[in-house]
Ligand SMILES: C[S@@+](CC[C@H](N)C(=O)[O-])C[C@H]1O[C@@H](n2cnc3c(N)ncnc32)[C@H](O)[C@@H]1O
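Here's a solo chain for you in structure tokens, the form predicted on its own.
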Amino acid sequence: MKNISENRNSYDARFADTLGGEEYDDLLIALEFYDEFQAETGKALKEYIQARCSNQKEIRVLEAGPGTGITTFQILKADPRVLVVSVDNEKKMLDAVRNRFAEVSELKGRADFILSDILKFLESCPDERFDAFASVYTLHNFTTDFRKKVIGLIAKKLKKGGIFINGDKYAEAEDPHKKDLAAEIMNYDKFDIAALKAEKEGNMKRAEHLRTIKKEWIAHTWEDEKNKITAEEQNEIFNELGFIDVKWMRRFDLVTTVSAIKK
């Protein structure tokens, strides 16, 4: 199993410790690719900024669903000029991530966390306000119709030439998707291995916790199948909204990252 601190510089490691704690470590037990996957969004944003935003004093980025703030950090790390508006309707989660960012002095004042339903926020936001939209593991939670409305409004809020970046679950054709789904489910067996190790160390509470997490992640994965996004569906939405330069990036089992430019 990969060391969770591998390939992180000291600043990344310090920030991940601030945000993650045991919850973050638990996730990496099963999804060893998580850091690499998150980095894809930051990489896409950084390349876009270098190519198109060299003369701008500020680069405004909209994020949906900050979660623990790992994606928010990747967005901010892309360029020191980046300012993030991050929207979530879960007050407890948003308060926690807001407090975590307050602990990192270098990032103060660069992230604004808004408590709101994403659709309501987008409807109230001026058009062409943002240079970029970037999110990870959020849009797949929406129903198909709601997702299309949200992406349509995101397109209106992006400036011409702005970028849409989404790292998420995107289903391939049926047979490859079945293999990806099976691989993801198998990843959760690593929780059992970690639970046995905890038992040997006499930490029964930890072992029980890990087995509970396994059940929750498997249930969540199957629930996601009801509203899964296909790569074909996303391409159709881009085409309808007039996005160009669509780029699909590395795939990690069920997840991959896509970017497109607003024409």
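All residue numbers refer to positions in the sequence shown, first residue = 1. Source: prediction; values computed, not measured.
One more form of this protein should be noted, the form predicted together with the named molecule, which is absent from this view; the next part is about it.
Engineer: Answer with yes or no whether I70 is in contact with the named molecule in the predicted bound form, where contact means some heavy atom within 4.5 Å.
Structural biologist: Yes, contact at 4.5 Å.
Engineer: Against the named molecule in the predicted bound form, would G65 count as a contact residue? Criterion: heavy atoms within 4.5 Å.
Structural biologist: Although the named molecule is absent here, G65 would touch it in the predicted bound form, with heavy atoms inside 4.5 Å.
Engineer: Can you work out whether D180 and the named molecule are in contact in the predicted bound form, taking contact to mean some heavy atom pair no more than 4.5 Å apart?
Structural biologist: No, D180 stays farther than 4.5 Å from the named molecule in the predicted bound form.
Engineer: Using heavy atoms and a 4.5 Å limit, would one call N166 a contact residue for the named molecule in the predicted bound form?
Structural biologist: N166 lies outside the contact set for the named molecule.
Engineer: Looking in the predicted bound form, is the named molecule within 4.5 angstroms of a heavy atom from every one of L28, F101 and F133?
Structural biologist: Per the other structure, none of L28, F101 and F133 touch the named molecule.
Engineer: At 4.5 Å between heavy atoms, only one of the stretches 189 to 197, 157 to 165, 170 to 178, 109 to 117 reaches the named molecule in the predicted bound form; which one is it?
Structural biologist: After filtering at 4.5 Å, what remains is 109 to 117.
Engineer: Can you work out which of Q38, N235, N203, T221 has a heavy atom no more than 4.5 Å from the named molecule in the predicted bound form?
Structural biologist: In short, Q38.
Engineer: Judged by heavy atom distances of 4.5 Å or less, which residues of 163 to 192 approach the named molecule in the predicted bound form?
Structural biologist: Not one residue comes within 4.5 Å of the partner.
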